[in-house]
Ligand code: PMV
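First, one chain by itself in structure tokens, the form predicted on its own.
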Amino acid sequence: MSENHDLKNSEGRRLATVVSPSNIAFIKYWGARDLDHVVPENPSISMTLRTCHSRCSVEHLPVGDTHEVRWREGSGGFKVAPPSFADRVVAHLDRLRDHFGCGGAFRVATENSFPSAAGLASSASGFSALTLAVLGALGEDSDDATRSELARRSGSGSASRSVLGGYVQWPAEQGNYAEQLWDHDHWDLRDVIAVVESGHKEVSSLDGHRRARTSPYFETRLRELPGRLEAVRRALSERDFSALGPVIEAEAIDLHCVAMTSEPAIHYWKPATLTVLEAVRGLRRDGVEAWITMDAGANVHVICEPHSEADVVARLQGLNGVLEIIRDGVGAGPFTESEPLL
């Protein structure tokens, strides 16, 4: 991330605006040893994106104790955020205020460049942007580990990964924060996202984490993970797409197997999800190397190298049930902006 800045207008207000990207996990975070404190059951590895992002402005008010949270969805203006979203934001603002002992209150305005709560890791981008904007508004300087740790306290474990660019592991070897394995220049991978559901998913990721242990396949997946983690690290290190692709696809399918066999069961997939999966298998039969991964939702990420991106887009366009195609790829991580939303 570029250096945090205090942004003060003519009235002396303390403002900061941060753009933070989403990420797509190659090895998933699903299930936790301690969900209240966001301690995952296993390490996860993700690729930070660049097109799917959240933009958040935060103003610190030295006087007062009531936070204001506004958001914008689509092309309309900013509105008071609904309680389902605002309550989580306010809880995190209180945590950060207590952590820094700063008193006062915060005004927040936030928006996403992609569908929210649809299984595209909007919590990761949203809470990492919020955390970093609060740090900027307070003029707090911090290292990557601290930023990651503070973002994690929001309750979104994937937010701890979105404070970093490139390829990221969480937790790190030495603590419950994320660490960058390689930066975005290491390997130019692309992510063609087939959006088949733009509305809010019926079961949140938080509820999915709570149910994960009820699946008879939860422990089976855990036994597979050490080998998968090593395989993904090696494939990323060597930029070996033929080795990476099958592992990340198997990992995504296993996550959804666990979800589908939890009690009560969670069925994130839609008919169009299967349509996209079959189209990607067809691409491989035609010699185009592309592999899917999915987070907790119906939408499908198709990972490929740059020379295959156009073929992937062409195959997915016009498929029944595909609402939108987002062309994304590995990104450099969060950055500050000088024009606030407030």
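The first residue of the shown sequence is 1; numbering continues from there. Treat the numbers as computed from the prediction; the structure is a model and nothing was measured.
FYI, the form predicted together with the ligand isn't displayed, but the following is about it.
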Exercise for review: Could you spot which one of A296, C52, V280, C304 gets a heavy atom to within 4.5 Å of the ligand in the predicted bound form?
Suggested key: A296
Check your understanding: Among the candidate residues H184, R233, R153, H209, which is the single one with a non-hydrogen atom no more than 4.5 Å from the ligand in the predicted bound form?
Key -> H209
Practice item. Spell out, yes or no, whether the shortest heavy atom distance between P171 and the ligand in the predicted bound form is within 4.5 Å. Key: no
Point to revise | Non-hydrogen atom contact S123 with the ligand in the predicted bound form at 4.5 angstroms | key: yes
Check your understanding: Looking in the predicted bound form, any heavy atom of W291 within 4.5 Å of the ligand?
Key -> no
Exercise for review: Could you confirm whether A25 comes within 4.5 Å of the ligand in the predicted bound form, counting heavy atoms only?
Suggested key: yes
Check your understanding: Picking from 61 to 69, 313 to 321, 270 to 278, 27 to 35, which part of the chain touches the ligand in the predicted bound form when contact means heavy atoms within 4.5 Å?
Key -> 27 to 35
**Study point:** in the predicted bound form: members of 165 to 187 within 4.5 Å of the ligand, any heavy atom
**Key:** none
